[in-house]
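A lone chain, given as structure tokens: the form predicted alone.
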């Protein structure tokens, strides 16, 4: 049985935020994305797709309409995927794009979902962590560590606030506007980006590679699970 590291300040109280409702966006999500950012978000999702050729069991969380999952299945003909999403409509779109025989879909809130395996060697979250608080990302990362095999990869795509005054002056109002729009469209309560770097580093993951685009507004990352000191390890049933 694998063990998991839990942050020393981990708070397991239920989240005060209900899951947003993305069902109404399922059919138009791709076109909304292209109208706002063109192919940039798509390029972020696929940035490391060929670095995942050795993966065999993937846990894909919040992939929306399933474009990453479909490309992953094309690039890696041996991989099997458990796809998690709180939106049935989004999962329906994912299923239409994917090879059903190698994809199992699960309608669930990732914050409370218990994975069906303990040997995932790949976790993927593309533009999903920005729907969580930093504490929720930390809890999720700590929990998923115990359901992955040693050396597992976590591929992440996210918005970030880039360094530099000019970049920040552009990025902050843009990201605030995006959160406002999704609050109106889906009921998303989060209003600022989580510190996913600190959360993953605290939870047994190390950043291995990264790529930036649009002046640092978008980032693609490869993280890897690492052993942790015995003093930070707690058994996971």
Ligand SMILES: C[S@@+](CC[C@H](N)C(=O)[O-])C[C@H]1O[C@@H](n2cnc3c(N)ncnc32)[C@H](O)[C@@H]1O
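Just so it is clear, the structure is predicted and the values come from calculations on it, not from any experiment. Residue numbers count along the first chain shown, from 1.
In what follows, reference is made to the form predicted together with this ligand, a form of this protein that is not presented.
Checked against this ligand in the predicted bound form, the residues 152, 83, 110, 73 give one hit for a heavy atom within 4.5 Å, which is 110. Contact annotation: this ligand lies within 4.5 Å of heavy atoms from the stretch 83-91 in the predicted bound form, the single such stretch among 115-123, 162-170, 83-91, 141-149. Contact annotation: residue 62 falls within 4.5 Å of this ligand in the predicted bound form, judged by heavy atom distances. Using a 4.5 angstroms threshold between heavy atoms, residue 196 stays clear of this ligand in the predicted bound form. For the chain shown alone, residue 20 is a contact residue for this ligand in the predicted bound form, at least one non-hydrogen atom being within 4.5 angstroms. The closest non-hydrogen atom of residue 132 lies within 4.5 Å of this ligand in the predicted bound form.
Taking this ligand as positioned in the predicted bound form, the residues of 113-130 that bring a heavy atom within 4.5 Å of it are, in sequence order, 126, 127, 128.
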